[in-house]
Structure formats: structure tokens, C-alpha cells
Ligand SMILES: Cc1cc2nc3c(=O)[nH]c(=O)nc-3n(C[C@H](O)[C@H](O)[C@H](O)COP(=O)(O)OP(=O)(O)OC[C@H]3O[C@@H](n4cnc5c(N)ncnc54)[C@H](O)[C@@H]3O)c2cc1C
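There is one chain below, alone, in C-alpha cells, taken in the form predicted alone.
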């Protein structure tokens, strides 16, 4: 008799788990609270679906034990992911930093092909089905839905997502389901999200974009640094490099730390070269005011803010009157502008959840619970959060694949 498997959550991990379990001979029911599955997939990669990364490694993840991911990646890595999606019809396109997109540049096309595979494989998809509670009765799992109906199966795979982007259905309900089976949930924080910084001037430079370097500091210790497109918002900073650092912030603030973000606007020359350039620029700026003398070198909207942060009150004074000490102050802001971190934007803005079901309660080779035989977990609900660039989707594919394969055994 075929094994009956229930999958709660129709995101990336859930769809993968359902497809693989079905291919391994199981009868699969996929239960999704939204009117359709794959809602969050549609917004990944700015709608282009950055579905994996060729630089995959567990070191690109954080959590209490990032190495937990290694076994799943050995079983189903980025190459196998590309092969799997090519079989479905997705032509891969490799871009910078190992990012892989569909040639169509449409997340909707990836979802269409997954939906086709679910239907072709015979997976029963239940939508508009909110899970109220789950329990194990003897050898069977029972899932009670909001309408009072009960769905029963031999194995249960939990892939309900985390708390990031609750508009897609990931509102944290899955953690309650995991807790009901006795699982521990590590502290949860928004990840890959904008940083709120101290400063009263951000509204003046909202929307300014530059290529630079950001670093996160704990006191004098640099925890991590990233380079790329940085965007000013009325709250602080955004952009991929800031997102990468943001996943570290929640834990720091929770334990009373006061992290600082260091922004380097001019990161392609050292301080001495910059000082020489500024000296020459100001000396040659006959007839130009201080603020106008930086036009063509610094974004025009940034200039008055940088000069005021550097301690200048009269921005219209002749540039040629600057002293070496004053030029040094400008150079410091351009290479070492520091902002106390006040927090992150909240769950609606986050791309991923930092924290989740404790990995020491799961078997990394199978994704099966060590507490409840026959219960499997995959995807964002687990305490693993990856970098920007396709890593989190790859974790969903890999963990979903392993869960689906082993649940069907």
C-alpha cells in the first residue's frame, strides 16, 4: 500500500518535497493556506527568480549550526537543482556572483512549470486551507483545518515558511505547529532587510544610490563587510550589501550590543590618495564654493549632508581656504562614515527569517524530527538563513528534496 504523505505549506520547499515524494511512489497531499501555491516565489529575485547560486556552501548561511545544511547540499546541490529545473523546462542563465536565473527572467514561469509537475505527478493540492492544529494519533498524523475537516496521513512534512513577508502567508503560524510537537524555536529576527540608523538627515538624501562598502562593527571589531549598490532611505540604508549585514543585527541588539554601520563611499583609493585628490581639487577650485567644488566627484544630494556631518557650517566659503585638518575631516566621512544601528525594518520588509526550529532536533541526512518519528521539516522554518543571491531558495529546494525523498521511504 502506498504511503500517504501530507505537506503543509506550498512554498518552494513544500512544492519540491511534494514532487519528490510523489516521484518516489507516495500519495501526496499539499496543503496551502493561500488561494494558490508559490505566492512568495513570485517575488523572489525582484520577480526574476534567482533560484540558485553556483557558489553554494554552508558557510553562506547563519544559524546556531550552519553546517547542518551540508548534508542536504551534498544530496541535492546547485548543479542538480539546475538539472531538475532544466528537466521541467527552465533554461538557466548565469549572472554575476554565481546567481542563476531562468532565461525568461520570470519567476512566474518557474512557478508555472512547478505547478505543471505537481499536477502531472498526481499531487493533490488543497488551497484556501488554513491549518488550525496538527497531532499524531498512533502511527497516523492528523491535520485539522479551519473549517473543521481533518486530513490524515502516514507522514507529515512541515514547510510553512517563516515570518518574513507575511503578506505571502508566512506569518509564523508554522512555528506554533512545530512547538506542538515539542520542537524548540530559536529567537526569530527579520533577515535580509533594511537597517534603521541614527541620523536626522536621511529624509534629505532618500533615494540616493551609490556603489560602496559597508561594514558591521561590534565596538572596534569588524564582524563582516560587503560591497555593492547602497541606497539611502528615510530610515537609514538599503541595498544588497546592507541586507547581507542585516541578518546579524537582531541577535546583537537582543543581547544588548550597540552595533555600528561603517559606510565607505570612496572605496577605490586609500586615505592618502583621497587626501591628495581633495587637496588638488580644492586648490584648483578658484572661484568655487566648498559645496560646489565637490560636484562631479560626490553625488550632489550627498554633498551638503557630508559637509555638515564633517562639521562645516558655511558651505559657501571659498574652497581654496580649507586647511589640511578640514580636508582630513571630509576624507574621514568619505571613507569612514559611522552610524549607530537602531534596528531593522520589520517582517513585511524582510526577505528571510533568522532563527527557527533548532537544528539539533533534526536529522540532517533526512530532515526527520528526532522527537517525532515520521515528522519531517524543510525550508525557512528551520534555523538557517542564507545570504542574498539564491541561497535561501537553494536551501528550500535541497531540504525539500531530502524531506520528500526520505518521507516516501
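Computed from a prediction, not measured in an experiment: that's the story for all the values here. Numbering follows the first chain given and starts at 1.
The next section is about a form of this same protein that is not shown, the form predicted together with this ligand.
For the three residues 11, 33 and 351, a heavy atom within 4.5 Å of this ligand turns up in the predicted bound form in every case. Of the listed positions (213, 335, 194, 168), a single one reaches within 4.5 angstroms of this ligand by any non-hydrogen atom in the predicted bound form, namely 168. Only one of 336-344, 62-70, 373-381, 358-366 places residue heavy atoms within 4.5 angstroms of this ligand in the predicted bound form, namely 373-381. In the predicted bound form, residue 246 stays away from this ligand, with no heavy atom inside 4.5 Å. With a 4.5 Å cutoff on heavy atoms, residue 391 counts as touching this ligand in the predicted bound form. Although the partner is absent here, residue 173 lies within 4.5 Å of this ligand in the predicted bound form, judged by heavy atoms. Proximity of residue 131 to this ligand in the predicted bound form falls within the 4.5 Å heavy atom cutoff. Shown without its partner, the chain has 159, 160, 161 in segment 144-163 as residues with a non-hydrogen atom within 4.5 angstroms of this ligand in the predicted bound form.
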